[in-house]
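Just one chain is shown here, as structure tokens, and it is the form predicted on its own.
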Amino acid sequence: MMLSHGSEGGYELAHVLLEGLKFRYQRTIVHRLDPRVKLLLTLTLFVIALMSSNIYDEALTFTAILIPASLAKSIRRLLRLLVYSLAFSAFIFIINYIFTHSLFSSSIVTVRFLGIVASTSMFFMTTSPDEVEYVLRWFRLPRDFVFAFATSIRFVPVLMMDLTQIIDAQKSRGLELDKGGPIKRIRNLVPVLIPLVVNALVRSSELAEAMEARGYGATEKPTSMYSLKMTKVDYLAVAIILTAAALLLSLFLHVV
């Protein structure tokens, strides 16, 4: 049994969006940077994307985003993510045009959204869940919040993989998700959602047992084997990021 092109496109879109935000280690200068520097880079690109107000600013913004993506050897993943984000971008364009009746304004908002997506995805593409956890700890956030956030980053790809396997298994048993009306299609999702929820509950139970076995919560201030340390390369990267950001913002504000 084969799903319709619409159903396959929906699952492919979800898969691509997830892959676009999934960490993959590569031996690049960007991956080796301190996670705090990568967070600074992401926030800087995010602010630059928000500050852009015309086509020239948008071109400079995407150039600034593509440079670190190229250094991280993630430019193909980033471009693929942007291509699959065009559907939602079109929705943003239509909604904005309905309220503003301006093609220029709607186009700028849409391209700005793509810039925000690209700048945000750069952090998760180049930063492992462990590094994210270290950064959150460095900010002195509550330990339970840090653990929950880091765990969600680790388990979302696992749940997506489970979903794909469950769909393939149910398709092999004759399940047709694209047959019938809206109510029928919702009912067809039950054989997919129930195993997915069961797997999630089993994993959460196993995680709770593992946390208990390791004494989670036994001490108020647990120590860590690893700590974040800035190197000369990190300080140089911070200087380059801040200098480039100041230059771009000055160009946006027409100071230079």
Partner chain sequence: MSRATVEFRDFSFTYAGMKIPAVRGINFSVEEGSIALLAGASGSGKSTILRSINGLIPHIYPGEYKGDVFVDGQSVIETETFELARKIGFLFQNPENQIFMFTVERDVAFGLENLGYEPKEIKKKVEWALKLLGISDLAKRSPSELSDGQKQRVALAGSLVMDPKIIVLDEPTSLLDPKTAQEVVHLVEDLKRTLGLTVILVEHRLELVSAIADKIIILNKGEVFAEGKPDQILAKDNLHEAGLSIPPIIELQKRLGLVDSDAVAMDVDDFLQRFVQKWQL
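Positions refer to the first chain, counted from 1. Please read all numbers here as calculations on a predicted model, not as lab measurements.
Another form, the form predicted together with the partner chain, is not on view; read the next lines as being about it.
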query: Heavy atoms within 4.5 Å of the partner chain in the predicted complex: does residue 153 have any?
result: yes
message: residue 63 versus the partner chain, in the predicted complex: is there a non-hydrogen atom within 4.5 Å?
response: no
message: Is residue 123 part of the interface with the partner chain in the predicted complex - any heavy atom within 4.5 Å?
response: no
query: So, in the predicted complex, is residue 224 in contact with the partner chain at a 4.5 angstroms heavy atom limit?
result: yes
query: the partner chain in the predicted complex: within 4.5 Å of a heavy atom of each of 58, 95 and 101?
result: no
query: Which one, 210, 230, 197, 67, lies within 4.5 Å of the partner chain in the predicted complex by heavy atoms?
result: 210
task: Have a look at 141, 183, 83, 158 for me and say which one sits with a heavy atom within 4.5 Å of the partner chain in the predicted complex.
output: 158
message: Using a 4.5 Å heavy atom cut-off, which of 163-171, 145-153, 84-92, 108-116 contacts the partner chain in the predicted complex?
response: 145-153
- line: Restricting to 129-146, the residues within 4.5 Å of the partner chain in the predicted complex through any heavy atom are 129, 130, 133, 134, 137, 143
